[in-house]
Ligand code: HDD
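A single chain, nothing else alongside it, follows as structure tokens in the form predicted on its own.
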Amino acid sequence: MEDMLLYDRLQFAFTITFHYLFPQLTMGLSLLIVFFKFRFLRTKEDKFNQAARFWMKIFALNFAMGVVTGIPMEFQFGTNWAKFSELTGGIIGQTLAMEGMFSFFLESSFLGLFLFGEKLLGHKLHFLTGLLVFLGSWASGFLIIATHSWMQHPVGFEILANGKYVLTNFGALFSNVWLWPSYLHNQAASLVTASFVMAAVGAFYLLSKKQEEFGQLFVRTGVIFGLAASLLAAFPTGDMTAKNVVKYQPETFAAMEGIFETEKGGSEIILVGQPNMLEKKLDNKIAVPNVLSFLTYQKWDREIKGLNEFSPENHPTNVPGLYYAYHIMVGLGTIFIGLLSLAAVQLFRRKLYTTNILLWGLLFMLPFPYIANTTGWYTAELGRQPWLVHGLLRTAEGISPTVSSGNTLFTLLGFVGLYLLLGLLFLLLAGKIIYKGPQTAIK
């Protein structure tokens, strides 16, 4: 049973990690494409229309990869997690079905019109199709996170005599206190990814002395949107999300912050430290006294409970993994704000396009928003363990009893090989589009 649970979790973790590399870019990029198209309608400058067309090619490729990698992940609900689906399908099936039937079809249908219908529709209707693609992609994220939020903080349900969960209040799914902070935080993070990708492509053009006017446009847009999104991801959305964890999953918060013992008179914030699970402490820690209490409760001396206050059976099952994932996310977010702030200052001084060290910095940072987004999701998922539905259904109770660990391991290895090929194909095609650049040079 332990092997089955391990391989089921590894397979889902791998497939969802690889899959989410793509939606995080499409959601953020859809907003930037709408911005370029709107700027074209306002100014009639063709560079904005060319920029929208260029990034829509990247969007379409990314969208296709997201669809291909998302379908196997959905099937795992029925194969590896059949008991979970049987018990909770009456609730999570609502939002997942809505995501597929409404937002996905809205996004995919108008994506075709946006890609191929500009001459037929005219610029205003073409802008409208782009806007609908944006709304579809963000609605898709909303419904997925509504499902995730119910698993983190279940509301509006009852449990029948046969153990199945049924929905008693449909509106509660969308008024869940966990939903809106998580959704806004996730969308800000996706915009950070898209902004860094755009800024990195622009920096590549400027450093290589090709497509320089487009390079300036992409760097300027990426820096401005990226800085705004990075700040929003930290505050208020990140702060609100963390306060939900404090209130509803205090044992998770203690593990995230590395608090093993309850500290009287205020809790310190850990800057550096390594969890020692044998002695239940942090090794080699560097901390600032009382700051965590102030950030959490706006009181310097407020007590925050340590893991020692909670039953060991309810502790997160991988405390070091949770601790490191959270601190990597926060650390990278801080670096993003610092780098983009410096870039914004140089942009204001009209020196950014010739400041090679910052351009190289923007180019070098390309993969790190993906890492930050991934570790952010790991923080949420590892923090909820050992529960599938927090406080109600344990992870070990949700797996499929008839699927052997050998079958799961075999298919996991198959996914690793297949996704490696898909990843290489995506990089090859995206690199070809970027190297070619926007079709028409600016006059």
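As the structure is a prediction and not an experimental result, all values here were calculated from the model. Throughout, we count residues from 1 along the sequence that is shown.
Absent from the display: the form predicted together with the named molecule. The rest refers to it.
Colleague: State yes or no: in the predicted complex, is some non-hydrogen atom of Trp178 no more than 4.5 angstroms from a non-hydrogen atom of the named molecule?
Modeller: Result yes; Trp178 sits at the interface with the named molecule in the predicted complex.
Colleague: Just checking whether Asn373 would be counted as a contact of the named molecule in the predicted complex - the rule being heavy atoms within 4.5 angstroms.
Modeller: Because a heavy atom of Asn373 falls inside 4.5 Å of the named molecule in the predicted complex, the answer is yes.
Colleague: Do Ser182 and the named molecule share at least one heavy atom pair within 4.5 Å in the predicted complex?
Modeller: So Ser182 counts as contacting the named molecule.
Colleague: Within 4.5 Å, heavy atoms only: does Phe225 come near the named molecule in the predicted complex?
Modeller: Judged by the heavy-atom cut-off of 4.5 Å, Phe225 is well away from the named molecule in the predicted complex.
Colleague: Which of 33-41, 47-55, 375-383, 405-413 has heavy atoms within 4.5 Å of the named molecule in the predicted complex?
Modeller: That would be 375-383.
Colleague: Using heavy atoms only and a 4.5 Å cut-off, determine which of Leu167, Ile270, Met98, Ala242 is in contact with the named molecule in the predicted complex.
Modeller: Partner contact (heavy atom, 4.5 Å) among the options: Ala242.
Colleague: Which residue among Phe127, Phe336, Tyr323, Phe214 has a heavy atom within 4.5 angstroms of the named molecule in the predicted complex?
Modeller: Residue within 4.5 Å of the partner: Phe336.
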